[in-house]
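First, one chain by itself: the form predicted on its own, in structure tokens.
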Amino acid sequence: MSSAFTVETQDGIARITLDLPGEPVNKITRGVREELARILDDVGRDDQVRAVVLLSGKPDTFIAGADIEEFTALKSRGEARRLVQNGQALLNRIEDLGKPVVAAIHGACLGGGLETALACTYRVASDDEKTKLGLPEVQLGIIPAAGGCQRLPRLIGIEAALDIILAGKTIAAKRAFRRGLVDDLVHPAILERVALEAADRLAGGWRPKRRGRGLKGLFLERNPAGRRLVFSMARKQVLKRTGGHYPAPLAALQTVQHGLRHGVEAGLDMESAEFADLAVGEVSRQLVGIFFATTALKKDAGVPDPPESLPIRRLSIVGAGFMGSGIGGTAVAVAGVDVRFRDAELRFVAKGLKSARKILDDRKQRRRITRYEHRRLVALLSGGTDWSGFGRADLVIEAVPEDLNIKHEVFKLIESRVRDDCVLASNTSTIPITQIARVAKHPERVLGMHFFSPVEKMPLLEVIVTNETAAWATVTAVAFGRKMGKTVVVVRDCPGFWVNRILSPYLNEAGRLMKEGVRIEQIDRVMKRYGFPVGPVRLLDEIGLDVGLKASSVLHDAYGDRMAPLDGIARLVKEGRLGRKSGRGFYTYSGRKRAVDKSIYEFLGAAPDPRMSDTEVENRLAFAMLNEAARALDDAVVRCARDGDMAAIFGIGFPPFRGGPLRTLDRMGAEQAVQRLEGLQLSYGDRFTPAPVLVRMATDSGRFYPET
């Protein structure tokens, strides 16, 4: 195997450069660990070496973390524990080398990469925006187990360390410097020189003065009672955020606490034990599966044998309302493109520009961009009531109300004003793109780009293609969506596409439960316990009952009675009860306060509370979605089960620890799923008729994913 390291020594300073052959980023593989151990032995014995600088040969990565492929190959708890203990021994070797070691950090320094830097004597980081530091292990269902839970709290304090470890946070180099995670922050051009100078000073006996933690650190972290309070508060926050579904943050919390109470050696021992338990657990397996799926989607152009995508430098948006302004603001903030709004009246344009600018204002306030970058990006926003600028647009997104006639008029006007190579997209959430493209002279460049609300926060983008959409248009839309920071899933054109199609039966079933008198609090509580970020009733309020009504009518027309919505929704909309945006829906809203509107049951003509069990409520809601997901995949709405599960997780908030609706069905087994659905069908009607694909799979032990 080719060497991953080069070692050069000059003036008593050994420069150890990691450049993993054949890989775009550095990661800690078995070979890297073994080679680095040999190098450390050599420089440790070499009396001519006074200090060491650890560098990366990759352009934008220090060390991105451990080799996840190696991690997934673990078959037993004992094997996992030995892997971790070997890693701990290597980093202990760095810490105990007897000679100062300086980490020169540029680019991603994550997971095992940051743990390596923490074992060093001194850390110099570049102030480049690509330099990010963090311990994201809990996002894979494991914990930092190569000393991260021990060294980080001792370096920057318990509270600051827990903030990074328990949420799997990644922070910019400037913030890391302010927290004391890195000792020096410099321009990338002088990173190596400063690191070498620091190594020379350290070898001469100089020691850095690190910042104290202030009165808060003194009172909270340096006495037993204060520490107990910090850990107690952290535990409550973890349980509130995770609902107890994710064991890794709690394990990390216990490991940090144990190490601080009993010493580093005891903490490292607990790190390896907890890692071993988590690594072979089901939650971690599902989260690692999501990691690989999202990584694959980042490389997926959306079509086989893809042509080159066209560059998008200028984006025009028709409709400066809530969705249009969100798309435009995010496109400027993340992709840095020129955005032009067009709406019927100047007051709508002004409101849209203000909303788009708020996204930039928020990024400046959070110090994600400087005031100079903010000023530059704001200048990219413009708008008007005419069609100025559309002739130069590379992409036009229509974001007008969900009315086919309006969309037809808009598309005719757009097409008469743009270049032949301009991609035309609709942000419709339910109307088939084929129907919208019917008026287009060039339907091959028409597709859907379905963003989710709020655009700046929701990670999913559905790119919807028709039978006529050209491959060049598809790959261009996918590439631009990815440039906007979205997880992009290509979906075949049909009413509701993927996300709204599988979501609608779930929301409709919640309506039926309310009609039967099941309490709204119970419905939402049960599905939050299942793992959704919010329950279905609250989700309806967040979406907007008027939006839900339009979507449900389209889906009901397309799919029949199994998509029949709750009768009372139309009456609620007529009364102006639109959900959160109007201050009243199923809940009432006052500032940050939210309460169930008790009049809703009478309004819906609900029956007396039947005191239905939580289990029955969960089964009805979950299987409404799971069954429709199986149907939609069988209809080839998405290209594969992976795409369907990722869209559900990133678009609906389907519980990641369950792996997605199709993974959930695979874990359950088709035979058991069919039995459960048949029981629901017998009790509640034909909308629970098992999807034909599940019936077929039940007879031949089929699966949506190949067995691993």
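Source: prediction; values computed, not measured. From 1 onward, residues are counted along the sequence shown.
As for the form predicted together with a small molecule, it is not shown, yet the points below apply to it.
Please tell me whether the candidate spot formed by 25, 67 and 143 is one where all three residues come within 4.5 Å of the small molecule in the predicted bound form (heavy atoms).
Yes, because 25, 67 and 143 each have a heavy atom that approaches the small molecule to within 4.5 Å in the predicted bound form.
Interface segment, criterion being heavy atoms within 4.5 Å of the small molecule in the predicted bound form, picked from 242-250, 145-153, 617-625, 341-349
Careful reading of the contacts points to 145-153.
Tell me, out of 548, 328, 111, 448, which residue has a non-hydrogen atom within 4.5 angstroms of the small molecule in the predicted bound form.
Result of the distance check: 111.
613, 365, 223, 295 - the one with a heavy atom within 4.5 Å of the small molecule in the predicted bound form
None of the other options qualify; the answer is 295.
Partner proximity in the predicted bound form: residue 56 to the small molecule, non-hydrogen atom cutoff 4.5 Å
Residue 56 lies outside the contact set for the small molecule.
Is residue 531 close to the small molecule in the predicted bound form, meaning a heavy atom pair under 4.5 Å apart or at it?
Residue 531: no, not in contact with the small molecule in the predicted bound form.
I'd like to check something about residue 323: if you look in the predicted bound form, is any of its heavy atoms closer than or equal to 4.5 Å to a heavy atom of the small molecule?
No, residue 323 is distant from the partner.
Mark residue 136 yes when one of its heavy atoms lies within 4.5 Å of a heavy atom of the small molecule in the predicted bound form, and no otherwise.
Output for residue 136 is yes: heavy atoms within 4.5 Å of the small molecule.
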